[in-house]
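For reference, the chain that follows is the form predicted alone, supplied as structure tokens.
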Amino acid sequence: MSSSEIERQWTTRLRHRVEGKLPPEKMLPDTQPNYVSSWIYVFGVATMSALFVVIATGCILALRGPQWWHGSAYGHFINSLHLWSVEIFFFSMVVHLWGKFAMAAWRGGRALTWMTGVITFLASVATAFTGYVSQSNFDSQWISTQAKDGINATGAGAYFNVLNLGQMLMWHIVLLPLAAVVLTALHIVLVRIKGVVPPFEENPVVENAEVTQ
């Protein structure tokens, strides 16, 4: 096979495109701008770290089942650790979201980066909700019975039955976490492509400004 034929292959063209968009120095940079040392930039990393603990503890709970986390002291601890990491995850994500909103993080062609972050937040809210109704205790019964009327009023109850424990559990441990993880990965890749949004300039230069007498 000649070199020209190799260059025309879709795998070769895809590799060149990925290498152009995501060179190693962008994906795993050695340095960051000085402004990244601000605390507001830490909450994105805290969100990802908490997400890792959420996924790890969730996998353990999925392997052992509700009887284990309700009847075992160790299972109860893992279940509590799962809850605590979710609380940290949402706290960090909300601070990160509003911090980037105040910084207008969509500047510099970063609109898609911003939107993937917002959609990830919405997917995470749905994931947390299905987790609460999957606890198989009184709290989950109360939450599901209070939520069903509102969801049914929208017409979504025909496809999303909060009283169906099996359905809610599958949404919680498969579909919604998968969406959240994929969106988070896409968000990180876009941050690497476009870079971290810089802070506003103290004295921005306005080009072509007209001075009125």
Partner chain sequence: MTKKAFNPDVDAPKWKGGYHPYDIVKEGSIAIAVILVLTLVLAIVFGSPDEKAITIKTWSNAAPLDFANTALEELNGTSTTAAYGAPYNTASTGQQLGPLQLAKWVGVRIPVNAAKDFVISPLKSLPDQPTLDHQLAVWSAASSSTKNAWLTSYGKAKVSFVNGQVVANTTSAGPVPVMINQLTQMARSGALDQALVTGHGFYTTDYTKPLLFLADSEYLPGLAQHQHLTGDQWGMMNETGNYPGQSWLWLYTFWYQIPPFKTSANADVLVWGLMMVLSAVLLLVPFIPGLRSVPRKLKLYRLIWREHYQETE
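Positions refer to the first chain, counted from 1. Just so it is clear, the model here is predicted, and its values are computed rather than measured.
Keep in mind the form predicted together with the partner chain is missing from the figure; the text below concerns it.
The partner chain is not drawn, but in the predicted complex it has no heavy atom within 4.5 Å of residue 65. In the predicted complex, the partner chain lies farther than 4.5 Å from every heavy atom of residue 74. In the predicted complex, the partner chain lies within 4.5 Å of some heavy atom of residue 53.
Within this chain, residue 184 is remote from the site of the partner chain in the predicted complex, having no heavy atom within 4.5 Å. In the predicted complex, 139, 141, 142, 143, 144, 145, 146, 147, 148, 149, 150, 151, 152, 153, 154, 155, 157, 158, 159, 161, 163 are the residues of 139-163 with at least one heavy atom within 4.5 Å of the partner chain, listed from first to last.
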